[in-house]
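There is one chain below, alone, in structure tokens, taken in the form predicted on its own.
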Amino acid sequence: MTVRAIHRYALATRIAHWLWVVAFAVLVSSGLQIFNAAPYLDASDKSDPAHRVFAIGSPRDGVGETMLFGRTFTTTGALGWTDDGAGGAGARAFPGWLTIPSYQDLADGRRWHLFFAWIAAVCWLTWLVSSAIKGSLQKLVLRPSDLPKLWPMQAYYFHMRKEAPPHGVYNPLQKAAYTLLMFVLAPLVVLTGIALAPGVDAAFPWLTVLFGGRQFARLWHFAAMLALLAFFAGHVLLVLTQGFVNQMNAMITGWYRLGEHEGDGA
């Protein structure tokens, strides 16, 4: 059988991809550092314990607790009372090994977050422009004709059917994920992050109001971060289970070997 291969990823796309991976990891880590300064989320326009939906704290020395939608769980050693980033343990929402910097420092956390936010934004724009020029961006968008193929594709992944439904370079589930990422999650995390910046809040208060106030903006920002982490986890899982060597080769060299049911169209 003849092996068909296409040049799927341009050099700029590949560089932007790997830089974005690094930037995203730093953004999450520094974001948790920032969260530690006020380790709670309120469904309110301002800080209000009566509308608290998530909180991590330490009611007493040696005990960590996490509250989610009114239910409290003991999370000592993992959340609330954990690694303090200085060789010991203490009252701290997320542990030092998970934050940048490891020790509690809100100012440095914000500097890391802002710097890598710009790197992530440049990578994102580079990827968008490169994909648009190459003509691959339109192949990532979910179309009405893809909707009937969503369940058959899921059935294939869950080994409920032997063959995947015919598709182009990207299957319908990939298109759905990338469409959600491009048009919902990415704009949400960027806009809520901007709304949380004190200078922006002072100059353009309507943006913060648009998201329901600063506390609601924090809630949306945190939720969008969790959704991006879920997307990233799913992305890694698919790479690991759907031809790891081929997928990694494509993201390193640009060349992708087409499977039996794959096409080079949309």
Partner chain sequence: MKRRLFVASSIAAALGACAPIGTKLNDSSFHELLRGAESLNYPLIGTHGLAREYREQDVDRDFRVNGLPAPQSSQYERFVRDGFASYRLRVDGAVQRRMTLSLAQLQRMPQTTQITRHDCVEGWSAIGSWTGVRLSDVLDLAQPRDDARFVVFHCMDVDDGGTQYYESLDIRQARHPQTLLSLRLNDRAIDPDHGAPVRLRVPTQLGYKSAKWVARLEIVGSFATLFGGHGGYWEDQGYEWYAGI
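Numbering follows the first chain given and starts at 1. On a predicted model such as this, the values are computed, not experimentally measured, just so you know. Rigid core (definition): largest C-alpha set, two forms, superposition within 1.5 Å.
Just so you know, the form predicted in complex with the partner chain exists too; it's not on screen, but the next bit is about it.
Legend entry - Exercise: V21 in contact with the partner chain in the model of the complex, heavy atom 4.5 Å: Yes, V21 lies within 4.5 Å of the partner chain in the model of the complex.
Inset, instruction - Tell me, yes or no, whether G168 is in contact with the partner chain in the model of the complex, where a contact means a heavy atom of each within 4.5 Å. - result: G168: no contact with the partner chain in the model of the complex.
Inset, instruction - Determine whether any heavy atom of M182 comes within 4.5 Å of a heavy atom of the partner chain in the model of the complex, and answer yes or no. - result: No.
Inset, instruction - Tell me, yes or no, whether Q242 is in contact with the partner chain in the model of the complex, where a contact means a heavy atom of each within 4.5 Å. - result: Close contact is absent here: in the model of the complex, Q242 is far from the partner chain, nothing within 4.5 Å, heavy atoms only.
Inset, instruction - Could you work out which of A43, A230, V200, L68 is the residue within 4.5 angstroms of the partner chain in the model of the complex, going by heavy atoms? - result: Selected residue: V200.
Legend entry - Contact stretch among 99-107, 74-82, 173-181, 143-151 - heavy atom within 4.5 Å of the partner chain in the model of the complex: Of the options given, it is 99-107.
Inset, instruction - Just give me the residues of 243-258, first to last, that have a heavy atom within 4.5 Å of the partner chain in the model of the complex. - result: In sequence order, F244, V245, M248, N249, I252, T253, R257 come within 4.5 Å of the partner.
Inset, instruction - Align on the rigid core first; then say whether the Cα of L32 has moved by at least 2 Å between this form and the one not shown. - result: After core superposition, the C-alpha of L32 moves less than 2 Å between this form and the one not shown.
Inset, instruction - Would you tell me if A203 moves between this form and the one not shown by 2 Å or more at its C-alpha, with the rigid core held superposed? - result: Shift of 2 Å or more: yes.
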